[in-house]
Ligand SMILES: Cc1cc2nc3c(=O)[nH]c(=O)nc-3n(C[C@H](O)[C@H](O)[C@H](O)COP(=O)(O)O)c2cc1C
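In structure tokens, one chain follows: the form predicted on its own.
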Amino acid sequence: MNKEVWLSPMEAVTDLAFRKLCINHGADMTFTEMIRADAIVRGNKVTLSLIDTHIPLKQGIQLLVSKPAVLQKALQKIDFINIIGVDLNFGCPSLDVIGKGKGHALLKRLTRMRDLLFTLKKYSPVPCGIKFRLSV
């Protein structure tokens, strides 16, 4: 059985240098830290700088989003050079994130999760997945 090691992102930790170090030490794939899709849509420069995928690594982007229309717009704005996957965050336990109906809060909103996943599949040019926690 082929077992791969993927770096699970953590906000304010998984910058490009850290991801490259993890790849050099055996990780098979890494993801950016959690990126807020609504900030991508607004063109927020700080958020866009978090999509630091300008060197070729096996890396994906992790998005935090609660509305399918926002996800669609964000996916259309992202430059997918050197990005080989998109991961939706359904696991962030931050009370601020949950209070906005994102992250872990989505696990109680199955119809919304389904709509986000259909949007992701339709508009992402790369393979897709989700991140969630078994317990928070």
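From 1 onward, residues are counted along the sequence shown. All figures in this text were calculated on a predicted structure; none of them were measured in a lab.
Below, we refer to the form predicted together with this ligand, which is not included among the displayed structures.
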TL;DR on 107-115, 32-40, 49-57, 73-81: the one with heavy atoms within 4.5 Å of this ligand in the predicted complex is 32-40
Does this ligand get within 4.5 angstroms of any non-hydrogen atom of Asp15 in the predicted complex?
no
Ser66 versus this ligand, in the predicted complex: is there a non-hydrogen atom within 4.5 Å? no
### Query
Should Val126 be classed as touching this ligand in the predicted complex when contacts are defined as heavy atoms within 4.5 Å?
no
Q | Contact label in the predicted complex: Leu21 to this ligand, heavy atom within 4.5 Å | A | no
Of the residues spanning 6-30, the ones with some heavy atom within 4.5 Å of this ligand in the predicted complex are Ser8, Pro9, Met10, Glu11, Val13
